[in-house]
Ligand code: FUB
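Next up: just one chain, as structure tokens, the form predicted on its own.
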């Protein structure tokens, strides 16, 4: 699928949506080892589709909040043998050396939605079904409806007790056992106003915050409490109805001293309620600890919290913005940039060239001749080099290419602009300077 970005979305300041190569939705975030991860479902409905078609969850990450790396589909519905479909909202957390990824799926035997969990030693997998069965099934909450058991959020308190909240229409919660894949006691119900779905539980400065979406078309509301199980005091709205999308789903996370609000809308070309896209806004808590009413922007995160090192191997699917191209997944679980045609480009922000780069190296596959124009400052910015690409024998035949560049110093916004004839020009896996 090639997403053609037009109008204001293509201006040099655009940062939202943060992924332009796939439709992404139902975001959850995780900070681990100085890196910001987001876990998303992938919307795969046809252009005329009028219902959710979601079969996999993908992972993206960033160290600077402006350049995002696509790690590929790291979990699929088929990884849960008891599930029949629907890669709906999920959340991954870290606890005692393991990463637990809680997901919403449909259940083969019991029908309706269910909640399962996969586990890994790494934030990017591989993940495997941790239980071999669902944690929550629709028969545990009878007469609530087939869509009642969705959107899990899991929070581990300072004393080590883990809580899972979830629900549609009614907000439910349980205390998870130490194994993180089962629970003790009865399913409880949280009394929070305007609850639709998508709960997100966290602790900020000793106080518990429960944010969630309202009924469709959704807004994001929140409550606070002195306890992880309430009672909950309604505090107000965080986000109004988003553009071109009746649903809303949020995550709120601090990273490197700043607060980030992650959500989805439908603003990519072809976007709608079944073709959604993840966005991020930076914000500050009010002095009294409340969360302000936020606005959606095309600019997104304006200030990077780090610089990219171009002298290490950089995955080509690491980008701040792109036009025309897409991300492809290989059979070994890797990701590369594909669908590149004449005029397409990749933007990478805050690239720190230090005292100067003299050569560009890339790993590509091509069936024709083309050029990679290496520019700084803009898609029409100064050309510091042109890397000539000859046929490598096909789009699945990979080879390393290189070219000299004019010595470039300091922190720059870098652009790769692809030029050539008709049709698909090349695939690119990684690049670096030296």
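This one's a predicted model, so the numbers in the text were calculated from it and none came from an experiment. Positions refer to the first chain, counted from 1.
The following text describes the form predicted in complex with beta-L-arabinofuranose, which does not appear among the structures shown.
Just to confirm the contact call: exactly one of 72-80, 320-328, 348-356, 242-250 touches beta-L-arabinofuranose in the model of the complex at a 4.5 Å heavy atom cutoff, so which is it?
In short, 242-250.
Within 4.5 Å of beta-L-arabinofuranose in the model of the complex - does that hold for a heavy atom of every one of 54, 197 and 264?
Every residue of the spot touches beta-L-arabinofuranose in the model of the complex.
Just checking whether residue 89 would be counted as a contact of beta-L-arabinofuranose in the model of the complex - the rule being heavy atoms within 4.5 angstroms.
Residue 89 belongs to the contact set for beta-L-arabinofuranose.
Given that beta-L-arabinofuranose is not shown alongside this chain, does residue 210 nevertheless sit within 4.5 Å of it in the model of the complex, heavy atom to heavy atom?
Output for residue 210 is no: heavy atoms all beyond 4.5 Å of beta-L-arabinofuranose.
Taking beta-L-arabinofuranose as it sits in the model of the complex, is residue 164 in contact with it (heavy atom to heavy atom, 4.5 Å or less)?
Although beta-L-arabinofuranose is absent here, residue 164 would stay clear of it in the model of the complex, with no heavy atoms inside 4.5 Å.
Tell me, yes or no, whether residue 316 is in contact with beta-L-arabinofuranose in the model of the complex, where a contact means a heavy atom of each within 4.5 Å.
Residue 316: no contact with beta-L-arabinofuranose in the model of the complex.
Using heavy atoms only and a 4.5 Å cut-off, determine which of 117, 150, 136, 220 is in contact with beta-L-arabinofuranose in the model of the complex.
Checked against the cut-off, the match is 150.
Out of 24-40, which residues reach within 4.5 Å of beta-L-arabinofuranose in the model of the complex, heavy atoms considered?
Only 26 sits within 4.5 Å of the partner.
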